[in-house]
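Presented as structure tokens, the chain that follows is alone, the form predicted on its own.
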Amino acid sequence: MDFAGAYSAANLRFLLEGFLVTLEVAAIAIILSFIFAVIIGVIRYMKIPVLSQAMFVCVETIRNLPLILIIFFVYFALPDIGIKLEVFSAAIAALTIFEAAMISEIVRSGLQSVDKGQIEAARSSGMSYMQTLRHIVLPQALRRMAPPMVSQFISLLKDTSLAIIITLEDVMHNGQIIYNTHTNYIIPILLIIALMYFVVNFSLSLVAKRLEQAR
């Protein structure tokens, strides 16, 4: 092991550039998956005929597949039907599809946790179903679902490392380039990558705990 050589300024800068790509992919996927998850969760909560059943089939199918298979499908199979995505976009699309399915269940459970009495009271006061959903149900549900949602976002950040299979230039990819040229750098490089993930994920875990305590 050569810690001094592995932690040269050039290597650390290269790893940091890769980690910024990791964070960028994770941030975009978190935003997109949250939006789609809320839409899917609300559709399933409202039990809209046909659409709700279609969402159920899609969600259960995706939830029971490994993420790496979805990444392969998005990057290697979609071009066969005319949809070709660059590596960066393919990684975001695959993560968004997978996480939206996972988070939509959190959203649906959060909506169902709101007391039915509050809904009936809102409806009897003259509020429409959509007004009740928007002003009464959704705000309470979002507070309750925040801790598990943050935990899922932590998983998403770690899952970005799987995009190395389609050569996303993230921190794992850049680390691999470094230790492939200097085999005695493997442990030092993996340790610094682990530290980067730990710092961000541990910070998010603290946020989740705070939200859990404040709920």
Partner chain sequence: MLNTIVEIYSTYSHEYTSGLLTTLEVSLLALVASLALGTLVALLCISPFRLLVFIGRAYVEFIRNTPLLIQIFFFYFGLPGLGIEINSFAAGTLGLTIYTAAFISEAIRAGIQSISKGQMEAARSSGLSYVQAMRYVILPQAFRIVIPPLGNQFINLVKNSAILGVIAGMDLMYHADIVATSTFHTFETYILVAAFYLLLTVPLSILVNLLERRMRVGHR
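On a predicted model such as this, the values are computed, not experimentally measured, just so you know. Positions refer to the first chain, counted from 1.
Below, we refer to the form predicted in complex with its partner chain, which is not included among the displayed structures.
Proximity to its partner chain in the predicted bound form, taken as heavy atoms within 4.5 Å, picks out 72-80 from the listed stretches 85-93, 72-80, 139-147, 126-134.
The shortest heavy atom separation between Thr181 and its partner chain in the predicted bound form exceeds 4.5 Å.
Contact check for Ala194: a heavy atom falls within 4.5 Å of its partner chain in the predicted bound form. By the criterion of a heavy atom within 4.5 Å, Met102 is counted among the residues contacting its partner chain in the predicted bound form. For the chain shown alone, Thr61 is a contact residue for its partner chain in the predicted bound form, at least one non-hydrogen atom being within 4.5 angstroms.
Each of Lys158, Gln176 and Leu190 places at least one heavy atom within 4.5 Å of its partner chain in the predicted bound form. Ile165 is the sole member of Ile165, Ile39, Leu51, Ala27 with a non-hydrogen atom lying within 4.5 angstroms of its partner chain in the predicted bound form. Of all the residues from 1-32, the single one having a non-hydrogen atom no more than 4.5 Å from its partner chain in the predicted bound form is Met1.
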